[in-house]
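As structure tokens, one chain now follows by itself in the form predicted on its own.
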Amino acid sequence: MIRLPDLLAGSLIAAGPGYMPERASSVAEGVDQVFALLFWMSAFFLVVIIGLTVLFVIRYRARASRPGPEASPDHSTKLEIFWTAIPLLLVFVIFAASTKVYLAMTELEPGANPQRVQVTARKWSWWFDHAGGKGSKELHVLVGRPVELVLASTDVVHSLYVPQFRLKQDAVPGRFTRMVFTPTVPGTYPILCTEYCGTNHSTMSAVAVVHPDQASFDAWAAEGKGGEESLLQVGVRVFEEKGCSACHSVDGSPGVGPSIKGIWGKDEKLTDGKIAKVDENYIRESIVTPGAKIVAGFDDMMPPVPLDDREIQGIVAYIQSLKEGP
């Protein structure tokens, strides 16, 4: 329960039981600051509006000495500019504050070496494929190391939400979404789905485990792996089973199609002169609608390949594993 004395003392955004959840990520404080800005801005105008309403009710009430309304102007350009400019200014302030926080959730710092985790959402469970091939129903990350979550859904829209991280991102069928953060406090935190996804939506939960050191994380990673293939294993298998190797080499040598070695994260020049960055959504589009973007120097010959979302994730993981350099 939030108490008025705590609101007046400005402790609404303080970490601790009974108020906002504990802050456990690099973006949590920024989110709380935006929340506080909106809260106190709303509270200020609530007081102003109620105060003026009470004042006007008393000042302009009907009484014997004042049988009719007082004369008043029907137009004031200065007043209209005033009440238009102030809300517009406040919108820009809110936009600037929230955009700064949003960029912190979506853009990695230059030179960052993030722990990359592929998140698969399905009715009604989460699956996390960690770097190194460890799959789990739990998200495992390391305190102080940047994390990049890449989300996909195999059926309907889901939404991953970790209250202590102040992070929420939709997992959308047919595309990849992502968010980045750095865990700051070791512990175990609940993961919820906050997009209604059907009958058992309320049971679609998991946990995020933030390990205090590398040794703890390595000990978990060395434990027996889950029953599912790792994404990399899926990608290698699909690449061979679907005959991709007939046109796309993995050693950089030319073929009917571009080699997939070293292309991850790079810019590809297309036949129409445009540039496309090789990321998850580019790879998905190249598989599902290969004629949409043709790399310069190659012909539009590839047919659509019928893969499910996890198989596409596997191809993405395989291409990432062939990235050149460290």
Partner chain sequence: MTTAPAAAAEHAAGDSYLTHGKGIASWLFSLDHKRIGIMYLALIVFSLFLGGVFAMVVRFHLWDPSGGLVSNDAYNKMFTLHGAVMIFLFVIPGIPSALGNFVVPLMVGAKDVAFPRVNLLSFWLFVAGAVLFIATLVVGGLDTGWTLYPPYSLESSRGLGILLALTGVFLAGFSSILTGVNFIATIHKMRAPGQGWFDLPLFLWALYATGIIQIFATPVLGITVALGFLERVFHLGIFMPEYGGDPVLFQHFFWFYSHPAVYIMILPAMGIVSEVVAVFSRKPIFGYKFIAMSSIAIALIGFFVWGHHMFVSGQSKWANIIFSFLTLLVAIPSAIKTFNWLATLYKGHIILKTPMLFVLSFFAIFGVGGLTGLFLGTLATDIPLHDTYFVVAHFHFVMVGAVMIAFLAGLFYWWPKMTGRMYDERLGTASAILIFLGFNVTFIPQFLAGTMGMPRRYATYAEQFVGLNRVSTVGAVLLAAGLGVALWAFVASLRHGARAPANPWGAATLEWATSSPPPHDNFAVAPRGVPPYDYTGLTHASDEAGWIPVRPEGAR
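None of the values given here were measured: they were computed from a predicted structure. The term rigid core refers to the maximal set of C-alpha atoms that superpose within 1.5 Å between the two forms. Positions refer to the first chain, counted from 1.
Not on display, but discussed next: the form predicted together with its partner chain.
Contact residue in the predicted complex, from H248, K123, H140, K242 (heavy atom within 4.5 Å of its partner chain) | So the residue touching its partner chain in the predicted complex, by this definition, is K123.
Looking at T99, Q214, T188, N113, which is the one with a non-hydrogen atom within 4.5 Å of its partner chain in the predicted complex?
-> The residue in contact is T99.
Interface membership of P67, its partner chain in the predicted complex, 4.5 Å heavy atom rule = P67: yes, in contact with its partner chain in the predicted complex.
Non-hydrogen atom contact I275 with its partner chain in the predicted complex at 4.5 angstroms = No, I275 stays farther than 4.5 Å from its partner chain in the predicted complex.
Just to confirm, L46 within 4.5 Å of its partner chain in the predicted complex by heavy atoms?
-> Heavy-atom contact with its partner chain at 4.5 Å: present for L46.
Touches its partner chain in the predicted complex: H130 (any heavy atom, 4.5 Å) = Heavy-atom contact with its partner chain at 4.5 Å: absent for H130.
With the partner removed from view, which of 166 to 174, 214 to 222, 132 to 140, 229 to 237 is the stretch that lies within 4.5 Å of its partner chain in the predicted complex, judged by heavy atom distances?
-> Heavy-atom contact with the partner occurs in 166 to 174.
In the predicted complex, which residues of 62 to 81 put a heavy atom within 4.5 Å of its partner chain?
-> Heavy-atom contacts to its partner chain in the predicted complex: A62, R63, R66, P67, G68, P69, E70, A71, S72, P73, D74, H75, S76, L79, E80.
Does R66 show a Cα shift reaching 2 Å between this form and the one not shown after rigid-core superposition?
-> R66: C-alpha displaced by 2 Å or more between this form and the one not shown.
Aligning on the rigid core, do we see the C-alpha of E80 shift 2 angstroms or more between this form and the one not shown?
-> Yes.
Hey, does A97 budge by 2 Å or more at the Cα between this form and the one not shown once the core is superposed?
-> Shift of 2 Å or more: yes.
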